[in-house]
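To begin, one chain is listed below as structure tokens, in the form predicted alone.
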Amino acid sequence: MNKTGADGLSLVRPFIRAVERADSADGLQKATKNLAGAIAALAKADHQDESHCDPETWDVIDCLLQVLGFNNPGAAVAAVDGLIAIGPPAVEPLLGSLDERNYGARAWAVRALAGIGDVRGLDLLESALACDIGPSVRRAAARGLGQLRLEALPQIDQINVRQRCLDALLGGGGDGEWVVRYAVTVGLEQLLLGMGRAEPGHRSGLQALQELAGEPGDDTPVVRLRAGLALSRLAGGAGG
């Protein structure tokens, strides 16, 4: 997001100040939504896909990270949208902001990392799906594992990363919460769409979906239906 430097920061500074000065839950939600909208507009006009975070961009990211720590779900959703719009420059600050004592902020941070899809978040997504106590965190991690952006990696690294994602998702298929298992089916579908049929793991991924969709299948009907939809889309080569 090139324009968050210099000219860009001057454009979003009033929105940052509005967030900082918000004196009510509704005011914070509205101000954060406006800031995220401004960031998205800048990103659309001049998007940079870089992994560094310059001092100007940090001011924007820092503001959004603080919002994630407040008990305001509406504002947090907007902050996540803003961080996703910023993209790769937000990854390292997000990883550095994680606080094991603040479950809510951690959940939103994992959701932002999942939406950005940067491979630097892989370790966290694996750990979150396997170990986090929060179902919403595990659910976000499962979705994120299916949508990492690997195009810039060498082919062999892409294969290795997809295998790690697959292994994590296969483990998540036994999660005790149906919302997490539902997210696993979504993650598996997206992951398998990016795999060649001859790629290691493709068969085991399909088998996992078949087990969730079949008889007796998952004990929650909506999970069985979603797994069946994933299989149908994979058979037809369609995503979405």
Partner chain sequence: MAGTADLDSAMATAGEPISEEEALQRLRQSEDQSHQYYAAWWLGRMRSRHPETVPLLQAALRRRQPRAVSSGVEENAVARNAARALGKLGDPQAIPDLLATLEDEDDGLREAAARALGELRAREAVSPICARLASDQAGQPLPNSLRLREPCEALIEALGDIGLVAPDVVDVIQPFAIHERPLIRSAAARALFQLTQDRRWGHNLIELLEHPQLQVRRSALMDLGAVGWRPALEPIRDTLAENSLKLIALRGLVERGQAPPDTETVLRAMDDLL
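This one's a predicted model, so the numbers in the text were calculated from it and none came from an experiment. Residue numbers count along the first chain shown, from 1.
In what follows, reference is made to the form predicted in complex with its partner chain, a form of this protein that is not presented.
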item	value
Proximity to its partner chain in the predicted bound form (heavy atom, within 4.5 Å), stretch among 121-129, 84-92, 71-79, 157-165	71-79
Interface membership of L229, its partner chain in the predicted bound form, 4.5 Å heavy atom rule	yes
Residue contact check: P221 to its partner chain in the predicted bound form, 4.5 Å heavy atom	yes
In the predicted bound form, T57 touching its partner chain (heavy atom, 4.5 Å)	no
is_contact(A43, its partner chain) in the predicted bound form, heavy atom dist at most 4.5 Å	no
Contact check for H202, Q207 and L234 against its partner chain in the predicted bound form, heavy atom at 4.5 Å	no
Sole residue of V179, C63, A213, M195 within 4.5 Å of its partner chain in the predicted bound form, by heavy atom	V179
Listed residue that, although its partner chain is not shown, lies within 4.5 Å of it in the predicted bound form (heavy atoms), from L11, A22, I16, L225	L225
